[in-house]
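In structure tokens, one chain follows: the form predicted alone.
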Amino acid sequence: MQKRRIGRSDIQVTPLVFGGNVFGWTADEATSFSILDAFVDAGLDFIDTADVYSAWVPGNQGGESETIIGKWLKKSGKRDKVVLATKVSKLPQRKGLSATNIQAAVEDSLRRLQTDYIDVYFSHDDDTATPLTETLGAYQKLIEAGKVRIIGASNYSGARVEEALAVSRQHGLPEYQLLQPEYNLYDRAPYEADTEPVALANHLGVVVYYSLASGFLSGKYRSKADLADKARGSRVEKYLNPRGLAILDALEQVAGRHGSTSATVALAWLIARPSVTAPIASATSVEQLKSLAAAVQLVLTGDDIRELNEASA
């Protein structure tokens, strides 16, 4: 399993990221521990979370995912086996990217994660009210203190990434090395037109979220009836149209040729895209995790990729 370098940093990762938004939401602590163990046992090593996960769940306030990961790290002793990413700016009580907020948020995250450093610290959302010099200067202090290794930008437009890189170069501040945009076989245009050219031109790493379009690309939702009582049902409905169903048919065809699953193929398509370092995907059981992990081993042919591209064009 070939590792991939993140941007121009010295961090290398296997090309699949586990999305920790499910921890404390659709996966309880015991299930989360078994999934994390199975993830590392499968030779995978990159875990992504955020301070805001999972504040949207009734009774939660945010930090639940980090807390579960922290307990697992302490119990398993596997901190040196994983690359850990978390994010700042979306938690209601820690909003924005001011220096003061970043300083407070990182300490909260380190405490919950039970670690003394974060490998990748993401700006979770752009904060146009705070000067880029202030945000990047705050990150510089964290890097100098050994609390953060590299920084990333999630949900940034291509233009804002370029602006941030220019500020970093002008002032000798840390540069964003990793982007985290939405991208999958269905939602292609925004990334391919806006963010991808910037990532390629600047040799930035890219980890993409909603890799399976909230589960739609697994093929388990083909009608509105399939969405009843599903946690992500409201997000999936927009995909139930002729184009969406054509993509599912193409995924099934390719999966059939490889003796694989639609979810595995959808992730393998992302892994095969030259600009993508790794897709982010989540599982709520060890069984589900197996079909995600299989994507790292699945090599699609040129014909497979053409068929998927044509269906999703």
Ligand SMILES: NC(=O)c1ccc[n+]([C@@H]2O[C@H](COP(=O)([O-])OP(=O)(O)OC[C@H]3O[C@@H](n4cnc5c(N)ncnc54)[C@H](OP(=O)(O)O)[C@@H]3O)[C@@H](O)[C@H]2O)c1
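What you see is a predicted model; the values in this text were computed from it and never measured. Just count from 1 along the sequence shown to find any residue number.
Below: the form predicted together with the ligand, not depicted.
Margin query: Let me test this: is every residue among I102, T135 and I151 within 4.5 Å of the ligand in the model of the complex, going by heavy atom positions?
Written below: The answer is no: none of the three residues contacts the partner (heavy atom, 4.5 Å cut-off).
Notebook entry, point to check: in the model of the complex, which of 67-75, 198-206, 112-120, 215-223 comes within 4.5 Å of the ligand (heavy atoms)?
Noted result: Result of the contact check: 215-223.
Note to self: By the heavy atom within 4.5 Å rule, which residue out of V22, V13, A293, L300 makes contact with the ligand in the model of the complex?
What the structure shows: Checking each option against the ligand in the model of the complex, the one that comes within 4.5 Å is V22.
Next item on the list: Using heavy atoms only and a 4.5 Å cut-off, determine which of Y210, Y191, Y156, Y176 is in contact with the ligand in the model of the complex.
Entry: The residue in contact is Y210.
Notebook entry, point to check: Applying a 4.5 Å heavy atom distance criterion, does S54 contact the ligand in the model of the complex?
Noted result: Looking in the model of the complex, residue contacts with the ligand do not include S54, since no heavy atom lies within 4.5 Å.
Margin query: My question is simply whether R94 lines the interface with the ligand in the model of the complex - judged by any non-hydrogen atom within 4.5 Å.
Written below: No, R94 stays farther than 4.5 Å from the ligand in the model of the complex.
Next item on the list: Using the partner position in the model of the complex, report whether L248 sits within 4.5 Å of the ligand, counting heavy atoms only.
Entry: No, L248 stays farther than 4.5 Å from the ligand in the model of the complex.
Checklist line | Contact flag, A281 vs the ligand in the model of the complex, heavy atom cut 4.5 Å | finding: Yes - in the model of the complex, heavy atoms of A281 and the ligand come within 4.5 Å of each other.
Checklist line | Residues within 4.5 Å of the ligand in the model of the complex, restricted to 176-208 and counted by heavy atom | finding: Contacting residue: only Q180.
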